[in-house]
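Alright, two takes on the same chain below, each alone as structure tokens: structure 1 and structure 2.
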Structure 1
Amino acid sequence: MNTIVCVKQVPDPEIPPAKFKIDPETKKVIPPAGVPPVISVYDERAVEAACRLKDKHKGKITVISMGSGKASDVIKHTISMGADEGFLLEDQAFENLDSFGTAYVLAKAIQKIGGYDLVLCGRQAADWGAGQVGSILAEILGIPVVTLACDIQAADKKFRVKRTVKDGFEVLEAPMPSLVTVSSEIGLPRLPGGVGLMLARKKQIPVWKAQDIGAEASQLDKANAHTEITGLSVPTRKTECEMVTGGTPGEAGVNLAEKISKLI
């Protein structure tokens, strides 16, 4: 079974809040100095799902990531977990694309790789959290999509996917090839072993530009984007405290009830 996993580098969620900065003019997050990006937690679960399938059915895991040169470290992390190879999609034309543009670039890379039975993505990115790329990617590739998977089994050229829903779980069947987005309910990702770390350290990650995957300039034109960020800001926290009193405990209770009713 050949699986392609799409992963993304994101700011380390463990950074202190004081180090998290944004540029309101360019509407971008300012990477904190000295803190390297990490793999998105949901994408790491997708790699774990691919490794579990490989453990049972053999095959090959290919990882692709669109981002800066630092994303090669994220790809090497997946190789240390059990992936076989990876490709970095790095081009100035790929910067600041919306979900549709990102899905288009990933689709062109996947089409170039070819020969896949399954495409895996995280349920959403750990930074923006839009949760759109996986479904859009499946639409471009023309394959079925199942979202929010917590378990994936393969047999008889079909996938049996258990997915989370509001009031429990449901199980769906999908043909090969399909795309599945993986949720955190699938369980914790495996820790890289010593051999895996050594293999990842020696691995060279090829870099693909727009021309390498045949991406059309019109599809990467920011003027044709489907979405636009109109504002980006860090939430401000404000705490107010007011003491409610009364001549007796009963009066204090009545006064408190009146205050609460005005806030509802």
Structure 2
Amino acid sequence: MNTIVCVKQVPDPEIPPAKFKIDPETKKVIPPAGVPPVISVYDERAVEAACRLKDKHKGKITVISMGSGKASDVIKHTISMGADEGFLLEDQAFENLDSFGTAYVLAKAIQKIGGYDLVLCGRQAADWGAGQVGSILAEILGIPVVTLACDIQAADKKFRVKRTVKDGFEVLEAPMPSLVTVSSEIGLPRLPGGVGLMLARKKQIPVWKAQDIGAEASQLDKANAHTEITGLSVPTRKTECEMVTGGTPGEAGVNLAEKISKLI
């Protein structure tokens, strides 16, 4: 079974929000220097999902990432986890694309790779959190999409996908090929083993430019973007602490429950 996983590099989510700066001119986020970007957490779980399927059914995992040169570290990380191959989509024309533009570039790369049974994405990116690319990508590729997966099983040329919903989960069936976006409920990603780390060290990550994947300039034109950033600000966080008391621990518990019930 051949799987293609789309991953994104994001600023380390561990960075405290106050450390970010915003450039008002370009409307860009400037993360603090010296903290290397990491793989988006949900995307790493998508890689884990792919590795679990590979453990069971063999096949090949190809990882693609659109981003700058440092994103090749993120791809190497997925190779150390168990991916077989990775491509970095890097071009000036790819910078500042919105979800539609990103999905277009990814779709072009996926079409170039071809021969896939499954495309996996994280449920959303850990930085912008739009959660759009997966669905748009499926639309462009013309394949079904199942979002928020917490378990993926493959049998008889079909996928059985367990999907988290508000009050539990539902199980859907999808044909091959399909696109699935993976949620964190799938479980912790594996720690790269010795062999994986060894392979990743030596692996060359080819870079594909717009012309390599046949991406048309018109599609990447900013004028065609569906979204526009009008403002950007660092959220201010306020914490207030209130001690809930009661005559007995039981009473305190009741008072706490009342407080919480008013908040939800």
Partner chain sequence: MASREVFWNIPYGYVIYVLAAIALTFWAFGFYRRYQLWHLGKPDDSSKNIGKRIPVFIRTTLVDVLAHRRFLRDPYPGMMHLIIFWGFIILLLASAVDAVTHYIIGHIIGTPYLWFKLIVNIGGLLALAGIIMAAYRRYVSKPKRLNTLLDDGIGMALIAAMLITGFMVEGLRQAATELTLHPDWAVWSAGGFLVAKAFADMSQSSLLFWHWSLWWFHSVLALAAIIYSGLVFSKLQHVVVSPLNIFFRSLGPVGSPAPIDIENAETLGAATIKDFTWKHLLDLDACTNCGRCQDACPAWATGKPLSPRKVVQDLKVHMLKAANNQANQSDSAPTLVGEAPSEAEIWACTTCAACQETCPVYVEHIVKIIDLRRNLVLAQSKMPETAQLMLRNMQSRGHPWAGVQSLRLRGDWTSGLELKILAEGDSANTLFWVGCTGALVERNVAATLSMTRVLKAAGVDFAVLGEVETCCGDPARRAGYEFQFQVMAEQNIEIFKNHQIKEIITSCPHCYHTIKNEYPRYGGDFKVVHYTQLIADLISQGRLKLASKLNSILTYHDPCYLGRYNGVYLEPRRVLEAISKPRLEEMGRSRNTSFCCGGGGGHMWIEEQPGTTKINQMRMEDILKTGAETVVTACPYCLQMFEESIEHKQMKDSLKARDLVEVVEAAMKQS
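Because the structure is a prediction, the values reported are computed rather than measured. Start at 1 and count along the sequence of structure 1; that gives the residue numbers used here. C-alpha atoms forming the largest set that superposes within 1.5 Å between two forms make up the rigid core.
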Which number goes with the form predicted in complex with its partner chain? 2
Checked list 234, 36, 132, 55 for the hinge of the rigid movement between the two structures; match is 234
How far the smaller rigid part rotates between the two structures, stated in whole degrees, is 35
Rigid core fixed, the Cα of residue 246 shifts between the two structures, in Å, by 20.8
